[in-house]
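The chain below stands alone and is given in structure tokens; this is the form predicted alone.
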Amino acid sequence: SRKFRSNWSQGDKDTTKEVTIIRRGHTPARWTREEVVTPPLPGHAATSSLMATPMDFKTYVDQACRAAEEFVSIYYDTMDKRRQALTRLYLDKATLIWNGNIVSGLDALNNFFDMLPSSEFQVNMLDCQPVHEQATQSQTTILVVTSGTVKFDGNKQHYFNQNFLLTAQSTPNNTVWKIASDCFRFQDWASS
């Protein structure tokens, strides 16, 4: 399990607390070593309207939060320990922007991740939200934002910020979340 500080809104109150990623409430999510798999989206296909009623939206937000927590745990564990499997989390035509450099497609992503030194990521913050279907052509999508520290072998520790757009690939039995877009940036202040 991973610990991180999490800020989110629950109804009329804002909550900040330290969280250990453990599946929260409802139907527990399942995951394999290289996939984020959750139960089917409640009462909807991945391409139908999830934002039609307030209850639907709350259910959608809860699903997004559970998927994001699972995703963050799996992504950084895979990045640190099983990097050769990392591209299984990406769509075939996914795009990564790494400190301003664009990498597109699974072959290019594989080559890029192979070139990176081994890493130790520590996630200190996680936030997520559903992306409105009008912005994603009715594709169920969530935005996941993380920040923390990373140390690549042979380099000093850096602060980082990373944003992911995850899309739902649904079947009648489950939903597999894949990365459509990934933007990574070091957040260190320049020395004067």
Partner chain sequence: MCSTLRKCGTYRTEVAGHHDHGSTFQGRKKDGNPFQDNFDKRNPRYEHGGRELPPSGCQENDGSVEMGDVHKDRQLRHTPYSVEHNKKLVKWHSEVRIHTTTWRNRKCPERKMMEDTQDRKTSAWFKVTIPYGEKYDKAWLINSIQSHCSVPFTPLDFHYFQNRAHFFVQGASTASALNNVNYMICDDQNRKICIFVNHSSAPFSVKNRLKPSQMELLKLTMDKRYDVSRQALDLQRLRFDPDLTGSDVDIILNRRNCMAATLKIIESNFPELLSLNLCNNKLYQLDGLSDITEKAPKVKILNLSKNELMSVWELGKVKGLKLEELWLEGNPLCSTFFDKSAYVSAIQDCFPKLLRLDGRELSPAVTVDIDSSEFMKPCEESRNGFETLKHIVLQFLQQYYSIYDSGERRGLLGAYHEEACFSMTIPFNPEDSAPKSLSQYFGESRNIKVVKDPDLRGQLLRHTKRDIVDFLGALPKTQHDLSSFLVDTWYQTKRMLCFSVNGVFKEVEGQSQGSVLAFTRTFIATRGSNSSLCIVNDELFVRDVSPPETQSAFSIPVSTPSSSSEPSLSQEQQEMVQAFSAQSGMKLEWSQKCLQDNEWNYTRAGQVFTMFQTEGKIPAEAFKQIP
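It should be emphasised that the depicted structure is a prediction, and the values quoted were computed from it without experimental measurement. Residue numbers count along the first chain shown, from 1.
The protein also exists as the form predicted together with its partner chain; that form is not presented, and the subsequent description refers to it.
At least one heavy atom of L116 is located within 4.5 Å of its partner chain in the predicted bound form.
Its partner chain in the predicted bound form is approached by F112, whose closest heavy atom lies within 4.5 angstroms of it. S181 belongs to the set of residues with a heavy atom inside 4.5 Å of its partner chain in the predicted bound form. Using a 4.5 angstroms limit between non-hydrogen atoms, N163 touches its partner chain in the predicted bound form. Contacts of stretch 110-136 with its partner chain in the predicted bound form, defined by any heavy atom lying within 4.5 Å, are made by F112, M115, L116, P117, V123, N124, M125, L126, D127, C128, Q129, P130, V131, H132, Q134, A135, T136, listed in sequence order.
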